[in-house]
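What follows is a single chain, given as structure tokens, in the form predicted alone.
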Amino acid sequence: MSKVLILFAHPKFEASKANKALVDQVKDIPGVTFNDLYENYPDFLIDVEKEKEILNNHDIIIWHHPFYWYSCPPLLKQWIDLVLEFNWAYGPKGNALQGKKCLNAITTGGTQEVYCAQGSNMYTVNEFLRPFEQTARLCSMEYLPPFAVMGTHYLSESDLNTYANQYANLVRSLLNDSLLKTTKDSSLLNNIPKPKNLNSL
């Protein structure tokens, strides 16, 4: 079974119903390590060697964050800048992350309808996430489509529960390495069926 690392970055987590619902469903799943960057590094002084060691011990990395100004909160960007070092994560001698899988799990205030060519944001979330995709590719990781909860301002408790269950099913599928190729080719990883025989995970 694979090991999943969730790198969570939300500077106002206490105010986010959507992220609380998602986190509550996945943080205690066996095989999952939940690394809350704002909790661990409130001073932004990231322990680079510790983070590298955590990465070494996992197969799948999820960058879980709200979509701030079409990107991630600053602490996650700093984590990427500092931890993914030349000749460790990439470069002639940088193969530490080779073969690992990576994806973004994001929440957006805007609905999916505004994230398209005809919408007010003009581009899809997949297009806005290209810098993360290229970062993963430069580090020889397999980049998967994102999991996205969109239009969070309009979601009911029932909607949030549905998304939280979808997220948990995705994480369990990643742990069990049971994602289908057709799923990997989707634009979003939201509709993952509950894996069979994984109720104990």
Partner chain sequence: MTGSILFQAIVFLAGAVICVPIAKRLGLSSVLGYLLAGVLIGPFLLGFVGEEGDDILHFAEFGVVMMLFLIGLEIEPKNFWKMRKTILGLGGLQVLATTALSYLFFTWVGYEWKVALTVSMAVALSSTAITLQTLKEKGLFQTTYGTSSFSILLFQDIIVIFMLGALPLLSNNASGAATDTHSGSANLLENLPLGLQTLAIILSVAMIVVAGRYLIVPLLRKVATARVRELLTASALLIVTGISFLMEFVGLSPALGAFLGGVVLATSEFKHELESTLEPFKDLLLGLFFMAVGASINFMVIQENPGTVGGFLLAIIVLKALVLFIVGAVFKLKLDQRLLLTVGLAQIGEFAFVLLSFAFQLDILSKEMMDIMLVITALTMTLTPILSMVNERLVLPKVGTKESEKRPIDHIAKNSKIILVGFGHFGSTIGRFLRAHGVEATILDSDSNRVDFLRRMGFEVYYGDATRIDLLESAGIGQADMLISAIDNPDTTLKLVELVKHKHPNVQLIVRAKNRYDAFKLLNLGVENIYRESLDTSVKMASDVLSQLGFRKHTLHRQAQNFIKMDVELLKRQSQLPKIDKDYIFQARESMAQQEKVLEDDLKRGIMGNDGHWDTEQMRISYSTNKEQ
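Numbering follows the first chain given and starts at 1. Because the structure is a prediction, the values reported are computed rather than measured.
The following text describes the form predicted together with its partner chain, which does not appear among the structures shown.
Here the chain stands by itself, but in the predicted bound form one stretch of 129 to 137, 154 to 162, 57 to 65, 170 to 178, 154 to 162, has heavy atoms within 4.5 Å of its partner chain. Taking non-hydrogen atoms only, residue 47 never approaches its partner chain to within 4.5 angstroms in the predicted bound form.
Residue 185 falls outside the set of residues with a heavy atom inside 4.5 Å of its partner chain in the predicted bound form. For residue 51, no non-hydrogen atom is located within 4.5 Å of its partner chain in the predicted bound form, even though that partner is not displayed. Interface residue remark: residue 38 is counted as part of the site for its partner chain in the predicted bound form, having a heavy atom within 4.5 Å.
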